[in-house]
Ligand code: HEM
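Shown below, as structure tokens, is a lone chain in the form predicted alone; questions about how it binds or moves come after it.
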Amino acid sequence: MPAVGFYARTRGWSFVIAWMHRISGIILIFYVLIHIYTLSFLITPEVFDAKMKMFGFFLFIFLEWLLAAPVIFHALNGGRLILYEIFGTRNEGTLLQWMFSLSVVYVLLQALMMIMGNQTVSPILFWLVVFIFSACVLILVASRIWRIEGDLVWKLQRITGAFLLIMIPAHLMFMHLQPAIGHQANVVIARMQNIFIKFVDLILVISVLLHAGYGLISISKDYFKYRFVQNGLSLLIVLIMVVFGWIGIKIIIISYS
């Protein structure tokens, strides 16, 4: 907090928020890769259940709750950037107030659901509603961004960001609406058997890894001036995303067809 206060005074809140966006994004990338790796143990349900018991300790539960902060901050700030870059909305003070207020509400709501732990939800109905809203946001952003001059990959990064704006906070919320949803192999496998859920999971994995890969490449280019280093890091990032993308696709399609 002292560091945040110092940079806010000397360089402004825009500088601080830009850094917070990048740091939260990097945290979420590590989480996504660990999440995909953990789900790969569904091939052996007993091993998956054993690992989920390990994550049942208080420390891991607390860290899982803390994850709600970077998730909602990165999503809402990404939405603010899309409004600024694509729709020309420049009322930064109001947007920042809404962003931080909604972030606090989301984090507290997540805590309440984790404490209660007795909710039930229909996965099909939940994801149908979320997917429709996310698809509407994607179409709205895509219809505007194609009119703007810019690199195709940059446009895809913003479009996937618009799609994930709702999908990722909803995914984290969904994991705590019903305790068994993400922690029992038989429940996870049964949910993934549905063709609609497979489709949603596929789009989610591809969007997340594309968005994350472009973000990491952009960050690396800001801090390494030599072209050969930039190209090497970009290739490494692409390879990592492709490998984890294949693992994710295999989990969704091949393992449970």
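Residue indices: 1-based, along the sequence shown. Everything numeric here is computed off the predicted structure, so don't read it as measured data.
What comes next is about the form predicted together with protoporphyrin IX containing FE, which is not displayed.
Within 4.5 Å of protoporphyrin IX containing FE in the model of the complex, do we find a heavy atom from each of Ile29, Val32 and His35? Yes: Ile29, Val32 and His35 each sit within 4.5 Å of protoporphyrin IX containing FE in the model of the complex.
Using a 4.5 angstroms cut-off on non-hydrogen atoms, would Lys221 count as touching protoporphyrin IX containing FE in the model of the complex? Residue-level check for Lys221: no, no contact with protoporphyrin IX containing FE.
Should Asp49 be classed as touching protoporphyrin IX containing FE in the model of the complex when contacts are defined as heavy atoms within 4.5 Å? Because no heavy atom of Asp49 falls inside 4.5 Å of protoporphyrin IX containing FE in the model of the complex, the answer is no.
For Lys155, is any heavy atom within 4.5 Å of protoporphyrin IX containing FE in the model of the complex, or not? No, no contact at 4.5 Å.
Although the partner isn't part of this model, could you tell me whether Arg144 comes within 4.5 Å of protoporphyrin IX containing FE in the model of the complex, counting any heavy atom of the residue? The answer is no: Arg144 has no heavy atom within 4.5 Å of protoporphyrin IX containing FE.
Quick one: name the residues from 63-83 with any non-hydrogen atom within 4.5 angstroms of protoporphyrin IX containing FE in the model of the complex. Contacting residues: Glu64, Leu67, Val71, His74, Ala75, Gly78, Gly79, Leu81, Ile82.
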